[in-house]
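Just the one chain here, laid out as structure tokens, in the form predicted on its own.
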Amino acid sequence: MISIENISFSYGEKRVLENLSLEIGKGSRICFFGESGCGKTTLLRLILGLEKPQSGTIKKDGALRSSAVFQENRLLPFKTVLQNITLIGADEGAALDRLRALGIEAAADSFPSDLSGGMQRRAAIARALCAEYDYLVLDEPFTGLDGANASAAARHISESLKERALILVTHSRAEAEMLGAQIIDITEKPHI
């Protein structure tokens, strides 16, 4: 589905990825792991096409669609939670179902600034899950969530994936395990 072949990327003199290769198949659940600054978020940006590798290639089968939860929630402040979700073309009923599953249906008509950080995070997750996608990219998806809400969100994400791929970055092995993701330490130049 996604083939990463010998990619390298640097920020000035700082090399964050070097000759990294791996395959991400349909239905894969993987978690990029490693110390801060090792290139995890950069790798997600490369996979999403937001950055270009300085060497190597990333090939995708066909016109694969992605959906993402970034480190920042990226909710439009002048739209309600429900409007933020339906803006991507989601059906209002489906959006409300996602919000209900994530425990924030009552916040549907609220603006992001009226919500706690954890509620904003769950709204961002709901929006990502409402998109049409072949693979889901999550960058530190449970930031700001307590244990119970993180577990509930992980369950809902897992149930929603079906046969679609998950590409995750987290500093928590427990979060990777909650999502059933195989941990890949990108500092060890993985080949899968």
Partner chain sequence: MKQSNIKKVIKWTAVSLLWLAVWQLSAAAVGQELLIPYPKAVLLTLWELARTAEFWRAVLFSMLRITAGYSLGVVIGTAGAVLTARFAVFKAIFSPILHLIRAVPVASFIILALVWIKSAYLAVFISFLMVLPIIWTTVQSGIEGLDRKYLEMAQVFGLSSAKTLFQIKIPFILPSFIASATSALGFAWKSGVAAEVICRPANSLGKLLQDAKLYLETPRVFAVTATVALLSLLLELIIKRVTRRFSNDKH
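What you are looking at is a predicted structure, and each value in this text was computed from that prediction instead of being measured. Positions refer to the first chain, counted from 1.
Separately, the form predicted in complex with its partner chain exists; it is not shown, and the next lines address it.
Its partner chain: the contacting residue among L161, I58, A131, C38 in the predicted bound form [heavy atom, 4.5 Å]: Residue within 4.5 Å of the partner: A131.
Does the 4.5 Å heavy atom contact test between G49 and its partner chain in the predicted bound form come out positive? Result yes; G49 sits at the interface with its partner chain in the predicted bound form.
Applying a 4.5 Å heavy atom distance criterion, does A68 contact its partner chain in the predicted bound form? Looking in the predicted bound form, residue contacts with its partner chain include A68, since a heavy atom lies within 4.5 Å.
How about P77: is it within 4.5 Å of its partner chain in the predicted bound form, going by heavy atoms? Close contact exists here: in the predicted bound form, P77 approaches its partner chain to within 4.5 Å, heavy atoms only.
Might G117 be said to contact its partner chain in the predicted bound form, defining contact as any heavy atom within 4.5 Å? Answer no; every heavy atom of G117 is more than 4.5 Å from its partner chain in the predicted bound form.
Which among 49-57, 26-34, 161-169, 148-156 is in contact with its partner chain in the predicted bound form, heavy atoms within 4.5 angstroms? Of the stretches listed, the one contacting the partner is 49-57.
With its partner chain taken in the predicted bound form, which residues across 15-29 come within 4.5 angstroms through any non-hydrogen atom? Heavy-atom contacts to its partner chain in the predicted bound form: nothing from 15-29.
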